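Listed next as structure tokens is one chain, alone, in the form predicted alone.
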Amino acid sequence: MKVSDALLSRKTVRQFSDKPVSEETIRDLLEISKRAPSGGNLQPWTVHVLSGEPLATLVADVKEKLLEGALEIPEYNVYPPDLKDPYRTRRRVVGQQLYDLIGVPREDTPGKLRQLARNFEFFGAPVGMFFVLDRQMEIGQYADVGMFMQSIMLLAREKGLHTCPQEAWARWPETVSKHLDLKTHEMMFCGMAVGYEDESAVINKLASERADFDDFVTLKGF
């Protein structure tokens, strides 16, 4: 598969099949993706990969806490508190497109919350990854982790897999840290679901829009 094909076919999958992903495949994904660039070659990421019983235990723990109405305080803002346009509109539009696709009316807040909770089941994926940073790291290293994650997502397409990057897990820093046995100097940054797409799921037909070339590119000297 060409890189361009991987980029064009990559999407955020929100319903996975129960087809297992082998340890060998996961090892290969991470071994190759470690070639992602990082400033000063810091390679600031560590990765925790859960499957089987450890994954099921975490999912059950969060589900119980959701039913109890428990809340944890995120350690960073996933989005800016006062998000301005065009970013605010883009977020609102794609969210409504998703809910329209799965038949959740705008006014159905419980339905929206149920869909949000699917994040914490990794959307049924057989593998969940967590990306962890040392608390000493700064914004530049967050970018490094993003490039590492993108490498995993593109390589996953080569292997017939799909992914869903999930900053939603930032809502559960204490619970995830406990399950991963993180040290005090470590911070969970982001999750990622990895598996095979459930091709029958309507939700996976969402095609998010992209800005026109001239809206985000300035060319000089050509």
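For clarity, every value in this text was computed on a predicted model and none was experimentally measured. All residue numbers refer to positions in the sequence shown, first residue = 1.
The form predicted in complex with a small molecule exists for this protein as well; it is not shown, and the discussion that follows is about that form.
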Location of the small molecule contact in the model of the complex, chosen stretch of 63-71, 165-173, 24-32, 43-51 [non-hydrogen atom, 4.5 Å]: 165-173
The small molecule: the contacting residue among 137, 83, 143, 94 in the model of the complex [heavy atom, 4.5 Å]: 94
Non-hydrogen atom contact residue 200 with the small molecule in the model of the complex at 4.5 angstroms: no
Partner contact for residue 12 in the model of the complex: the small molecule, 4.5 angstroms, heavy atom: yes
Partner contact for residue 131 in the model of the complex: the small molecule, 4.5 angstroms, heavy atom: no
Contact flag, residue 148 vs the small molecule in the model of the complex, heavy atom cut 4.5 Å: no
